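Okay, so here's just one chain, in C-alpha cells, the form predicted alone.
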C-alpha cells in the first residue's frame, strides 16, 4: 500500500541505466606553479612572477613587487559581505589567501607581508593597492552561500543546496561554500538504480529515507511561518552489526556526502560545538554518529536534546556581559549509538515527545545488502533533496502544509490515546509526508503501510516510558518496598539508628505513603526526574496523591518528641511541629507491603 496514490510508480526496469563507458567531461586543474599570471591593465602589467608599472621617464615597465592578483571575488548572499581571493608569489611558490574587500587598503595589505606578499616598502604596498583596486573593477563577483536549506532571497523562497533551487523567475545563481560536502556526486540514475536494487522491499531502509526528507518539510514550514515545528530527532540504536549507521548514511545520502566531511557528523565534541554545526541549517538532514562517544552527564545531555529540538542555541553573553544574538536552525537529525539516549537522559515527559528511538535487530537485509548499499551511496549522493525541493516549490508551502495536516489526521485515527497524541501525530506525519514527497518526486512506490506500522509500533513502545506520572508511580512503589525499613509502618517502632523518611499506613485495600519532601526530591533525582514539582503536579492530576485543600502536600506527624534531633538533622528545622510535618502522600491500591515481609 503506497503512502498516497501515485499513478506511475517506477519499477526496477523503468529506472534509466547509465552508460559506464562514457567519459565524463574533463576538467583541467593547473598547479599553482603553472598558474598563468600575465595580465595587462595599464599602467600595470603582470609578467610571470612580477608586477610591473609603466615609467614615463624611462619609457619602459619597471618592477613594483613580486606578482599578485585577484583570483576571484565572491558575494555572500546571506550577509552581502564581499571576499577577495588573492594569489601572489611568495619567494618560491604561489600562495592563496581569502580576505575581506575592506582589507585591500595599503595598511591592511602590509599585514600580509608575513604570508610572503611583497609589500614591505610603503611604495610597494601603495602600488599593489592601486593595482588591485583597478583590477577588481574588471571582475564580476560570484554569488555564494554558507547556509543550507530554505531561505528567502530577493523576496523569493529558495532552497540552498550546492546550488540554489528556486522558481524559474529567480535568475540569481549561487554556489555553496559552507562546511559540509553537499556537492552532488555520481549520477542521478545510478542512485535510483541503487534504491531499486537495495532499498525497495526493505521498509526499515525506506523509513530512514523518509525521516531524512522530513527535514525539507520542517525547514520550509518554519521559514515561511506557516507552522512552528521542532527539529525532529530520531535515534536508532543497537549492536554494531545491525546496519544502523549504514541506514543513517542512506538517509542523508539523498542530500549530500554520507561521510565525516559531509553530513555524517560525530558526537565527539562539546554540546556547544555540536549545536554550532547546526546553525543556518533549515532543511538538510544531519547524522550524529555514535552517541556513546559523548561524555556529557545526564543533566547536560538532557539539556542538549531540548536545545537541539527547540531550534535555537543556548543564550550566551558577550565579553561585555551583553546578550548575544542566538542563532537558529530547523531540520532533522538522525542519531546513532549502541544504546538508548533516553536511558542516558532524565525522564521528563517533554524529552520523550522530542526524541524518537528505534531499535531493530536488522536495518539491512544482510551483510551483502549493507556492503552494496554503502558502496553505492559513497559513489553517488546528493541528488534527491534538490529534486524534492524543486517539487515542493512547485506545490507551494501551503500545499505542503495541507499534506502534513492530512497525514496527521490519518494518524490520529490510528494512534493509541494519550495526552501527547496530537504532538506525536504531528511529528510522525512529517515522516509520512516525507514519504509522500519521495513518491511524488521519484515516482517510486514505497512500502507505505509497513512504514506507518513501524511508526505506530514505536509509539506503542514509547508510551509507557513517556507518561511520567505512571512510570514514576511504579518506580516509587518498588523503592518504598525496598527501603521500607526507613519508614514508620502503622504503629510499629523503627530502629533508633535508622534514618526516618516518612510513614506508611496500610489497610486491606489501600496503602498511604507519607514521604518527607526532601526525601521525595532526592528519590526523584535518583530516578532521573529533574523537576519534582512537575512530577507531583502530574501525580495530582492523575489522582494518585492525598493532599490538604488547595495544596499538593499533607500534614502528618512523622517524628515523635523524642526524635527532635533526628528531625533537625534531616530537615534542618529545630523544634517540634504542633500540626505535624508537610509530606507528599502517595496512595496505592491494596497493601503493597503484605508480600514483602
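What you see is a predicted model, and the numbers here were worked out from it, not measured in a lab. Positions refer to the first chain, counted from 1.
Note that the form predicted in complex with a small molecule isn't included here; everything after this is about it.
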In the model of the complex, does residue 367 come within 4.5 Å of the small molecule, counting heavy atoms only? yes
Is residue 362 close to the small molecule in the model of the complex, meaning a heavy atom pair under 4.5 Å apart or at it? yes
Proximity of residue 243 to the small molecule in the model of the complex, heavy atoms at 4.5 Å: yes
Answer for residue 120 alone: is it within 4.5 Å of the small molecule in the model of the complex, judged on heavy atom distances? no
Among the candidate stretches 196-204, 368-376, 209-217, 175-183, which one is within 4.5 Å of the small molecule in the model of the complex when only heavy atoms are counted? 368-376
Consider the chain as shown here, without its partner, and state which of 260, 239, 273, 518 has a heavy atom within 4.5 Å of the small molecule in the model of the complex. 239
Name the residue from 78, 163, 290, 405 that puts a heavy atom within 4.5 Å of the small molecule in the model of the complex. 290
